[in-house]
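Consider the single chain below, provided in structure tokens and representing the form predicted alone.
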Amino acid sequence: MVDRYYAELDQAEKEKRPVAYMLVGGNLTEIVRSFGYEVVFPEIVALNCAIKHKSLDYILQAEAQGYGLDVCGYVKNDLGLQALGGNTPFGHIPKPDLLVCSFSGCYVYIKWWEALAETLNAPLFNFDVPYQRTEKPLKEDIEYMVAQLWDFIHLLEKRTGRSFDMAELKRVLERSRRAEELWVKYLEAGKHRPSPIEAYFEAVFYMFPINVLRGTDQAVRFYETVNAEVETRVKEGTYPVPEEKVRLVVEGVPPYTNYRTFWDFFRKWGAVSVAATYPKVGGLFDMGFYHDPSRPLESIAEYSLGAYVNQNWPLRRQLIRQYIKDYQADAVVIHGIKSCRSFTAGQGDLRDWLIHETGTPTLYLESDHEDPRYFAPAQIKNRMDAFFESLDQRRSSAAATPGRSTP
């Protein structure tokens, strides 16, 4: 599926079909695809580069151009990749005919897209998304965003020479909703004991269709297949770890450059993530939101507003607390990203809040999602071993003391 996606991008360039660049959080995939655009997500390209151990090459190229050490690894991977011709281990990434910046929670997005617009001489549309400040979207926020969506539609009409087809958009949104419902079914399988899914390491792979292929029959078929596999796991007793000992909620972006190593540190202790926040960067579908074909533009606006990193911290804290309760988690692991302030800012306070306000054992780790120079395996392993050892000791102490419960 991923190979076909990148092959389509390469073919689009050869056939001179229009290509739009978009960001994952709060993306406008359904509208753009209704006008015949192929869509590139540079964040996803970057994480694939990191998993293939190629991101450092592109990061060093960007740093040679003057980008600092603390600039987002996604940004440096993308700008370095562009400077080196767009060639990756999984295909050639075409240059954009249109840049669509959906600001959902990260100001770096705007500067990144401005840099691309300048270097690639591509037109830029900024979709300004207010922060989610209340549990339910504010009416004035939705109206503000819908007005921008109409501006965007008129821009696409002008650039493509095609008229906007609302009926087609509704058909696309129906497929989006079906895929979203199936994705939530997969995520909620983590409530089983033991969990038949790995809601962080596995789900990061499985989130590809809901972000990149949303609105297609392919995405629907993918999640139908995944859920059938999960049902088989439950029947056969096949679980992510042979013996589930620790149930975790995980917060933060994975270290893609050392993905397997990091995952192995968890498996050694029989630790499985039953819920995680990062797979929700493209949308908090498990919190009850689905695209609504009967309210097409309004629901697209609500979707963009509700992206995980676009939530204020009180809402993010309450979400994690709810995950701990609903998924019967024993502890929380926070993975901070050195070069990603939008996800990392506030995580230290989150750790203190979880420990002192909810009594949840919480471990904070730090490396980077794209830059392997910041992943220190021995240090991370030592901290994780100490944390899981303390959980074991706490359980042993609680078992030896009648009437005492373990948080």
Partner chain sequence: MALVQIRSPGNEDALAAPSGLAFSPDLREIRALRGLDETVRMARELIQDNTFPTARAWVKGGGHAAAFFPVYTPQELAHALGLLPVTLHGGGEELEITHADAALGSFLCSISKSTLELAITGRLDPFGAFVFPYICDVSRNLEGIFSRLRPNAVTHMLHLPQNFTSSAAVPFLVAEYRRLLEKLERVAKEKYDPSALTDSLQVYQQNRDLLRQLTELRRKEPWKLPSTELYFLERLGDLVPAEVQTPLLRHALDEARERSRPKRDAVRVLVVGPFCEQPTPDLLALIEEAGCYVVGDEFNMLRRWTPKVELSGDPLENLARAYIESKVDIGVRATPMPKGESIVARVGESEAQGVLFLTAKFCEPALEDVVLYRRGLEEKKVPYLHLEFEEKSTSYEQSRLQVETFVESVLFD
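Positions refer to the first chain, counted from 1. None of these values were measured; they are calculated from a predicted model.
Unshown form predicted together with the partner chain; subsequent notes refer to it.
Contact with the partner chain in the predicted complex, judged as any non-hydrogen atom within 4.5 angstroms, is confined among 285 to 293, 125 to 133, 213 to 221, 163 to 171 to 125 to 133. Residue contact check for residue 328: none of its heavy atoms lie within 4.5 Å of the partner chain in the predicted complex. The partner chain in the predicted complex is approached by residue 348, whose closest heavy atom lies within 4.5 angstroms of it. Using a 4.5 angstroms threshold between heavy atoms, residue 264 stays clear of the partner chain in the predicted complex. Contact check for residue 341: a heavy atom falls within 4.5 Å of the partner chain in the predicted complex. For a residue to qualify, one of its non-hydrogen atoms must sit within 4.5 Å of the partner chain in the predicted complex; none of 11, 157 and 188 qualifies.
Just one of 204, 309, 332, 246 comes within 4.5 Å of the partner chain in the predicted complex, counting any heavy atom, and that one is 309. 106 is the sole member of 320, 106, 81, 226 with a non-hydrogen atom within 4.5 Å of the partner chain in the predicted complex.
Using a 4.5 Å cut-off on any heavy atom, the residues of 46 to 84 that reach the partner chain in the predicted complex are, in sequence order, 64, 65, 66, 67, 70, 71, 72, 75.
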